[in-house]
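Given as structure tokens, the chain that follows is alone and in the form predicted alone.
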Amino acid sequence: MAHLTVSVEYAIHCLLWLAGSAGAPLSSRDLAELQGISQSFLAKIFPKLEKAGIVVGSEGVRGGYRLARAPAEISVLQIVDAIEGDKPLFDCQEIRDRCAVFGDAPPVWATAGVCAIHAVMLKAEQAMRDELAAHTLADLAVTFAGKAPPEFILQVQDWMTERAGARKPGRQSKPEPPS
């Protein structure tokens, strides 16, 4: 798990809207516009989520993405891994065996076992992964729902419904891929 990028934040925000969409597909274009983020950037995130089995896409004018599983079955760790891959947080370079004093042959004591620095980083990464695995999309949705007034959620749902209704066959010059 490398440095967490903005892609993770964008993905989680979009997935929260999908969690509240009652299974209706939402367009990545609409999700991007709703949140004021780049459509082209977001279009690169959804295929990763689809490949990981977090969302499913549907084609067509009224297509889009919906969750592939219940929000309670999607951990934050699964989302992070889908977006960032399983790269380690720390990439140990084993410089302990390159000490100039050792010449070409470092002593066994210098390189035996896991490097103390690497060991600490491994423990930190495991703690982070455990914490991310302990929280689901459903947990985040409950927190969000507790903060946002009900009228806001209704406004967003109305906005999404209006956007979906405005997309009619023939209004686009080319069919939109799953968005």
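Under this definition, the rigid core comprises the largest set of C-alpha atoms superposing within 1.5 Å between the forms. Please read these numbers as outputs of a predicted model, since none were measured by experiment. Quick note: we count residues from 1 along the sequence shown, nothing fancier.
Beyond what is shown, the protein has a form predicted in complex with the DNA; the following relates to that form.
- Partner contact region in the model of the complex: 24 to 32, out of 120 to 128, 106 to 114, 24 to 32, 137 to 145, criterion any non-hydrogen atom within 4.5 Å of the DNA.
- The DNA in the model of the complex is approached by Val61, whose closest heavy atom lies within 4.5 angstroms of it.
- When the DNA is considered in the model of the complex, Arg69 lies well away from it, no heavy atom lying within 4.5 Å.
- Residue contact with the DNA in the model of the complex: Trp17 places no heavy atom within 4.5 Å of it.
- Contacts to the DNA in the model of the complex (heavy atom within 4.5 Å) from stretch 65 to 88: Tyr65, Lys87.
- When two forms of a protein are overlaid on their rigid core, residues whose CA moves 2 Å or more are considered shifted, and Lys87 is not one of them between this form and the one not shown.
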